[in-house]
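Presented as structure tokens, the chain that follows is alone, the form predicted alone.
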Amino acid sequence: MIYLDNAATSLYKPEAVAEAVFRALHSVGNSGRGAHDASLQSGRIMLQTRSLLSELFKVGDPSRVVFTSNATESLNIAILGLLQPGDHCITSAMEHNSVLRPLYLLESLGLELTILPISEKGCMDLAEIEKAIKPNTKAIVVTHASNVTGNVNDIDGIGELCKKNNLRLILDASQTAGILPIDMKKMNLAALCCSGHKGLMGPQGTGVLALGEGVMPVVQKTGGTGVDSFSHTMPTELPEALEAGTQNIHGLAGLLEACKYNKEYGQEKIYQKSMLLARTFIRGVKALPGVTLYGDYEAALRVPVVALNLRDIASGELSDELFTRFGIATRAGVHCAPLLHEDYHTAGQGMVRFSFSHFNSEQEVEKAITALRLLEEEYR
């Protein structure tokens, strides 16, 4: 199989990740629930992982790195915990449902919501964001990079807008964490939300919520923490305040090794190789008759995600042909980003998404180009 669905999850990971999960399954206990070595080792893994993630995202204080089950949970905690009825929030049409659905829920309870359209190339306009700010605006919630087009938003510019207008910036970094540099302080982020299983190359079931200084969402989930057990309420200190219940320590053991790999191999090298493969693919398919590419492919900065259609072929049919005949795994449909597809008028057809990892090879990319060329000739 040629796996080109890395925007959904990283299939090929550093060997140390799987080894760490296996070791943890046989050696670690429950952090904060005992004084024996198995429990203490669990705590060490969590502390080391927090520290590396804090360093990677320039959080400053590792205790402000909260573990979740995925980016969806992180976004729910941040959005539902930092906004309330009567507030105004700005977001975009390129957002994933992990952003949209919590906002729609709050909108049904009285949140005022502005969803900004995207340009023909799938980009946001900084001037339009600024014009949308109102006296009751409390936050801007936006993706760092689209999971469909691969377009990267100007988070530095949006962060400056938030700083100037005393707004909170909640960032969905699902497609950029582990691939692009993220500096929470420089970007003026109130909350950084990401999964551990995509660009970070950790196991599924791991997620991260990093909070800016002074930012504390209203607690959504309560339960055991291993501390303050006689209290009727959750501890007020981070990270325990937002980490009720037993953590996925086996997954975090794998995420720890993934973070070590990112640091040692080099995030820039990971990005450059995966983007080299993506750009090779783009050059190979953009001139094919009947192929439509979606996004800004002239941008200097983007992530290794390429979305396309072939004539009027249903995206599911094309994706099935790629896999059954050529062994190429892609993602078809609307990619949980319905408003983007409405703006592109592809809600019915969907798109086929190719997403690349530095573990892919040039030979695999050439095979994908050849497959599309053959299919284009057949469907002509």
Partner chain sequence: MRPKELQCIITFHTTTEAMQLEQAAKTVGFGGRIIPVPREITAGCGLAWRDSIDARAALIDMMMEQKLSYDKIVELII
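Residue numbers count along the first chain shown, from 1. Only a predicted model underlies this, so the values are computations on that prediction, with no experimental measurement involved.
Keep in mind that the form predicted together with its partner chain is missing from the display, and what follows is about it.
By the criterion of a heavy atom within 4.5 Å, Arg50 is counted among the residues contacting its partner chain in the model of the complex. By the criterion of a heavy atom within 4.5 Å, Glu112 is excluded from the residues contacting its partner chain in the model of the complex.
Using a 4.5 angstroms limit between non-hydrogen atoms, Asp156 is distant from its partner chain in the model of the complex. The closest heavy atom approach of Glu237 to its partner chain in the model of the complex falls within 4.5 Å. Remark: all three candidate residues (Ser31, Pro62 and Phe230) come within 4.5 Å of its partner chain in the model of the complex, counting heavy atoms only. Per the 4.5 Å heavy atom criterion, its partner chain in the model of the complex is contacted by stretch 36-44, the sole one of 309-317, 341-349, 36-44, 327-335. Only one of the listed residues (Asn262, Thr72, Thr225, Gln247) places a non-hydrogen atom within 4.5 angstroms of its partner chain in the model of the complex, and that residue is Thr225.
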